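Given as structure tokens, the chain that follows is alone and in the form predicted alone.
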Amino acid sequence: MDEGRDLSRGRPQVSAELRARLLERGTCDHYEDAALYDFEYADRFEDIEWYVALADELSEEAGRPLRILELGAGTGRVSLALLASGHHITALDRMASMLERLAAKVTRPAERARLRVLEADMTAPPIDDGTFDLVLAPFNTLMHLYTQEELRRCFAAAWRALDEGGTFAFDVLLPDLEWLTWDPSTRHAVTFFKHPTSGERLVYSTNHSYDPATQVCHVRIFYDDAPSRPRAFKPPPVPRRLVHLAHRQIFPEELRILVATAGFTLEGHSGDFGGAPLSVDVQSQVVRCRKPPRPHRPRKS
């Protein structure tokens, strides 16, 4: 069933129950097949390089490896690179399937000793205050927080988790108003591929609906059997598998308010991992902010 299409243009008949169901699916569906997730994002490296460079820079300043909390660690795209760089990682995610795949990839005893896997909610991580030097939320993780209150709680949790002077860094998409209003019935990104574990030949395609009442874009990812001749592919009435992915759009000024309200000092807000300014030509918002150190109080004479 192609749920979510009625969300386009904020149609009033959309029920709270439907929105809640779509948000639950939109948080989990895309991450249930961890092997397929790894396959689909195997060519994404820019963010990994940026986060490792940031950690290494801060590590050099501190004179030791960092204690890092990664929110939405998934299958370990970023966590594994940080481990390889010598840091101590707490990899947090709400999806057990993703964390199990992450843990299975860590085979070296020295790296296992520096990894903690934590299945938990990123708005209320079960950690002690001031435990970490660096908190990360890579690859649109924060876009799975669908209300202002959830975002506020996550930023507050990141603040509490950090030691004085610690850094919070993350990236989210820059909302593309033209893309958000595309026809929700048209399929895009049609791609033929072979499933990494089953070997099945499939077709990937997507469309989406934007709900302006909640600022959530509901992406539908269709997986269909591939025809023997690619040009003969026509989307069937019922897909073999339909995956729902929900992303809350976070606008730049809204993001800056979240940073300031949580008490962080904004140190960088660029449009990509190369430092480009925010503009219509970029897709991301890459943010670095710091928890200010406690003011030094001179002793009374």
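From 1 onward, residues are counted along the sequence shown. In this text, all values refer to a predicted model and were calculated from it rather than measured experimentally.
A second form of this protein, the form predicted in complex with a small molecule, is not displayed here; the remarks below concern that form.
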Option from 109 to 117, 76 to 84, 189 to 197, 176 to 184 whose residues, in the predicted bound form, bring a heavy atom within 4.5 Å of the small molecule: 76 to 84
Answer option from Q249, S270, T27, S59, heavy atom within 4.5 Å of the small molecule in the predicted bound form: T27
With the small molecule left out of view, choose which of L145, A157, I127, I221 has a non-hydrogen atom within 4.5 angstroms of it in the predicted bound form. L145
Since only the chain is shown here, I'm wondering whether Y37 would be in contact with the small molecule in the predicted bound form (any heavy atom pair within 4.5 Å). yes
In the predicted bound form, does P138 have a heavy atom within 4.5 Å of the small molecule? yes
Closest heavy atom of V172 to the small molecule in the predicted bound form, within 4.5 Å or not? no
Taking 4.5 angstroms as the cut-off for heavy atoms, does D93 touch the small molecule in the predicted bound form? yes
